[in-house]
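Here we start with a single chain on its own, the form predicted on its own, put down as structure tokens.
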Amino acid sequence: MEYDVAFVGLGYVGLSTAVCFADRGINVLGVDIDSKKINRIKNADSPIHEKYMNELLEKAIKKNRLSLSRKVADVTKAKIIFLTVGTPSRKNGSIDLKYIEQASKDIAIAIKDIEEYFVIVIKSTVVPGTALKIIDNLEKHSRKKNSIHFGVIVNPEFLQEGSAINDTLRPDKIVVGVNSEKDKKIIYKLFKKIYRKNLPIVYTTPSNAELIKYANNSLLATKISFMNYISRIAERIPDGDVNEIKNAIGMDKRISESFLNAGLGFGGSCFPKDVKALIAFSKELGVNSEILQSVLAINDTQFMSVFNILNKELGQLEGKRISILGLAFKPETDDIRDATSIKIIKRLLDKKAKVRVYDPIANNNTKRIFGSSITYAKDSESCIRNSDCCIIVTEWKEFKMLKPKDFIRLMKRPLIIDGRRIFSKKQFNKLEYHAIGLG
């Protein structure tokens, strides 16, 4: 069977993009060496938690628009091959390209004896210059020439966990790093079938496309850390409130209100990793990266604002019952990678506090880290029952349904630390209410 496209790597980006393409009528082949993952996907059981994912996955498999394989060699059944393998961080923060290098080698060997023209699309997040290395790798192992026998395009993703399906189907922009008119026409023809009209495509060079991804994520991370810095100032001035500052500066069209919410810091699989990778890459180039180092420094210490309040209000934490609402790094995902909750829990345990936690979907992932050293509640109310303090770490919608009377009724001491500003001081004026960026 012939396919329109193939994906090598069915992680968060690969699977999200593959099911969206299939939903647009594209015949997709998904390749991953993980047999357990392949079996789950075949049964329409997504290995990642993402809104609408299981519905689209079931539809794609039922209509035979998504086929699966563990053999990279099978990608030759498609003429457009997306590379969506992981690019993890090394200990020094630099990017590890071993998976994408191996995948490109496997593709090169697979296309070696085939006369047709292939386009390899790098969708994985990679530092500038990686596409050139991939081209060298492809030429070396296939004994073919770039732009003659195959083409390479850089097409970074800009997906947010929790809204990946919508972000894929309705992107703000599509960045295409390409040096060949032939490749440009091939990818445009594909994208026109998927996005259908008003394609927000930005054409640039492969290296620029690679850097755009890092610049994009690093700027968003910078906005978050900047507002967390402002929140620290707001907490120390009379009647300070970082939300009022945010609302005012967000009205400036040059700034916008997006990513200006102060909180307990960013986490997840993208921002921390990408900022660290850009810092490491800058060091290789001899470029000063103090601004990004400050972004990480603020983010790494932002969770301590919780302990400033705890120390003031509770003093010694040994034996104190602390409830944590929210474990995932953001709502609508079960991802706890670099989540602020992990930092807070570790420090609370160091202080010998008794910790009870609840998250709508991230309890099990957290249990893999902390085991029986903390207690896992089945809902919000059982989490805060008889506790000395409640810390809100993730802004899940269901937490916003809690009323002041619920905290008063259930808690031993209704001390609230609102790490995501989901409540208002006015609404909670009869409780001991503290919040990030509130003086």
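Since this is a predicted model, take the numbers as computed values, not measurements. Sequential numbering from 1, following the sequence displayed.
Although not depicted, the form predicted in complex with a small molecule is the subject of the following passage.
- Of the residues S147, Q160, N363, S282, just one reaches the small molecule in the predicted bound form with a heavy atom at 4.5 Å or closer; this is Q160.
- Only one of the listed residues (Y117, F259, Y195, Y188) places a non-hydrogen atom within 4.5 angstroms of the small molecule in the predicted bound form, and that residue is F259.
- Contact check at 4.5 Å (heavy atoms) against the small molecule in the predicted bound form: all three of K213, F266 and K330 pass.
- With a 4.5 Å cutoff on heavy atoms, C270 counts as touching the small molecule in the predicted bound form.
- Among residues of the shown chain, R421 is not one whose heavy atoms approach the small molecule to within 4.5 Å in the predicted bound form.
- For I224, a non-hydrogen atom is located within 4.5 Å of the small molecule in the predicted bound form, even though that partner is not displayed.
- Although the partner is absent here, L220 sits close enough that one of its heavy atoms falls within 4.5 Å of the small molecule in the predicted bound form.
- Note on the interface: of 90-98, 107-115, 270-278, 305-313, the segment with non-hydrogen atoms within 4.5 angstroms of the small molecule in the predicted bound form is 270-278.
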